[in-house]
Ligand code: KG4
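Presented below, as structure tokens, is a lone chain in the form predicted on its own.
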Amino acid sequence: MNVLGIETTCDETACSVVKDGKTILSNVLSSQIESHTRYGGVYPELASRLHVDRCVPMIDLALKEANLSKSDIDLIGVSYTPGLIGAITIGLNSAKALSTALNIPYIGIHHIEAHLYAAMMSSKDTLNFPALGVVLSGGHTLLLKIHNIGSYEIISQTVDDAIGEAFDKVARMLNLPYPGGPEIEKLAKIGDPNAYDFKAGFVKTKPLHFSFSGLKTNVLYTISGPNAKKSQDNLPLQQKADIAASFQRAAFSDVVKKAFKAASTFDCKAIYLGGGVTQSAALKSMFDKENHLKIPLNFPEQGLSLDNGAMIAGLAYHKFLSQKTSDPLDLKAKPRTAIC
């Protein structure tokens, strides 16, 4: 089954053709990073307008690179939640139009679930369940127990900032470009991760939940003083590097510690990680170093960490086999929907 995947939940127009949920025939993406850099983050209205311009060309390019025509497509998968409502609508309406024109089914896909599936489709081993799902991105931070593809139980999530959002905000404090994660990681390589005693927040009644707002504020006061009056422009390079390294160490160590605690508590046989933050080499190194459980760790392969169409197409294949029918044409784009 050849599945066309369309992903437009945020600032990337991504399309892919995947065969039988696993074999990627094409995976193309048009990034909007340059257009949003001046704002220090994604400007929703601009993102929607750019998706209008780029969605059809990306679909055509995905088909071309897969050496297929529209008549060779058996199913369309498209992200419909969560994300920017305007951006999602562009991709969803494109999928509905193609489904109607080609008389083939389409399936709406939950964006977070697709991020987890990206690690599953990248795995060379047999999928092991129950497993722990770890989603780390600009908009989401959560741990889930995965009973099977399509069956999840939320263990914990962030009570304030997502981890990727925290990285972007700290990067702005350090006058680093957007997106912040890769820039902080680059700077942290020459810094001392123990120079500052930064710590992520602890939620007393929910110890596996995440909180990064206090950590972010601690960084702000370290840079600008308790009244935030000192200039951020006069920081020596080494001090900036030490702050970046210490922040990265605090944020990632909190995730790693809670992930392994959850895996042990909920008797998980493997860990599957998804989301843009998982492309960090520092995060992968920390997970490997702290894996005293010797539990299999599954990260998305190159090109599947950030938003992409392949994870949408791959998951749509399994969803269609399960429900055996197309989603209705009145399926609506939703900015927020729980995965379970």
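Start at 1 with the first residue shown and count on from there. What you are looking at is a predicted structure, and each value in this text was computed from that prediction instead of being measured.
The form predicted together with the named molecule exists for this protein as well; it is not shown, and the discussion that follows is about that form.
Contact check for residue 212: every heavy atom lies farther than 4.5 Å from the named molecule in the model of the complex. Contact annotation for residue 48: none of its heavy atoms lies within 4.5 Å of the named molecule in the model of the complex.
Contact between residue 179 and the named molecule in the model of the complex is found at the 4.5 Å heavy atom cutoff. For residue 298, no non-hydrogen atom is located within 4.5 Å of the named molecule in the model of the complex, even though that partner is not displayed. Put simply, of 139, 86, 105, 193 only one has a heavy atom within 4.5 Å of the named molecule in the model of the complex, and it is 139.
Note on the interface: of 286 to 294, 37 to 45, 305 to 313, 60 to 68, the segment with non-hydrogen atoms within 4.5 angstroms of the named molecule in the model of the complex is 305 to 313.
Shown without its partner, the chain has 164, 165, 167, 168 in segment 142 to 172 as residues with a non-hydrogen atom within 4.5 angstroms of the named molecule in the model of the complex.
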